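The chain below stands alone and is given in structure tokens; this is the form predicted on its own.
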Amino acid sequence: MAETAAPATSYEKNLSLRVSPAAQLRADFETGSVRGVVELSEVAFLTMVGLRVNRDSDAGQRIAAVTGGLPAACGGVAGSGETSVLWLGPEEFLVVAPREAHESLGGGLLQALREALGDGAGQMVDLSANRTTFELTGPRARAVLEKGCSLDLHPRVLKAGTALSTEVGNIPVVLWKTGEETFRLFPRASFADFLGRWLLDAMREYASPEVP
């Protein structure tokens, strides 16, 4: 006799009803992207954790054992596997991991971080619903960002694997260069619609087939 799937719990149904901060722009991102030139997408529901801890303290060392390290300086990114830790400031970090790492989906990352911090001096806050993630990729990605970002984004200055707090289109973001032609932007959820539309407008000139 064939097995039947267990009915979804009310909690699982609630998860399926989640709407990402830029869900209303999904079709616009698809039509506004130019394959092989510049493409924009939202990477929704990543697990994000804000950490405040001295990386050289006992608690910092325990947390580093969970995450695969804590970056030591401005722009640094540490971590292991699919978990990354971005430097935000002295003793302040942003942990970024896949959505499955969140405890609402059975992941153990948040609990492991709580246990690692223990009664040590510091703070751990679940920021997964606080921000969303935009991914901008392609040979024109840097040019799009340069229209509204004051950082020097030239690859001789901003290397792949660097993350910095800045503004893009006057919106505060964490900007992470994940590859030679790929950037991830982490705006607060309430700014996602504005920033998404700003990026689309900045990409518009590359929609012409005449662009080399």
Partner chain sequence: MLLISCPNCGSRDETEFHYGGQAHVPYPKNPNELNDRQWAEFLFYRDNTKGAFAERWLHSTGCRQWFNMLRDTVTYEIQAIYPMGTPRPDAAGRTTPDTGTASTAADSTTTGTAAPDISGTSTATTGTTPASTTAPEGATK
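Here the structure is a predicted model, which means the values were calculated and not measured. Residue numbers count along the first chain shown, from 1.
We do not show the form predicted together with its partner chain, though everything after this point is about it.
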Kindly confirm or deny that 20, 40 and 140 each have some heavy atom within 4.5 angstroms of its partner chain in the predicted complex. no
My question is simply whether residue 88 lines the interface with its partner chain in the predicted complex - judged by any non-hydrogen atom within 4.5 Å. yes
I'd like to check something about residue 68: if you look in the predicted complex, is any of its heavy atoms closer than or equal to 4.5 Å to a heavy atom of its partner chain? no
How about residue 30 - does it come within 4.5 Å of its partner chain in the predicted complex, if we only consider non-hydrogen atoms? no
Does any part of residue 164 reach within 4.5 Å of its partner chain in the predicted complex? Heavy atoms only, please. yes
Just to confirm, with a 4.5 Å cut-off on non-hydrogen atoms, which of 125, 74, 105, 112 contacts its partner chain in the predicted complex? 74
Answer key: of 64, 46, 34, 158, within 4.5 Å of its partner chain in the predicted complex (heavy atoms) is 158
Determine the residues of 136-153 with a heavy atom within 4.5 Å of its partner chain in the predicted complex and present them in sequence order; the list may be empty. 150, 151, 152
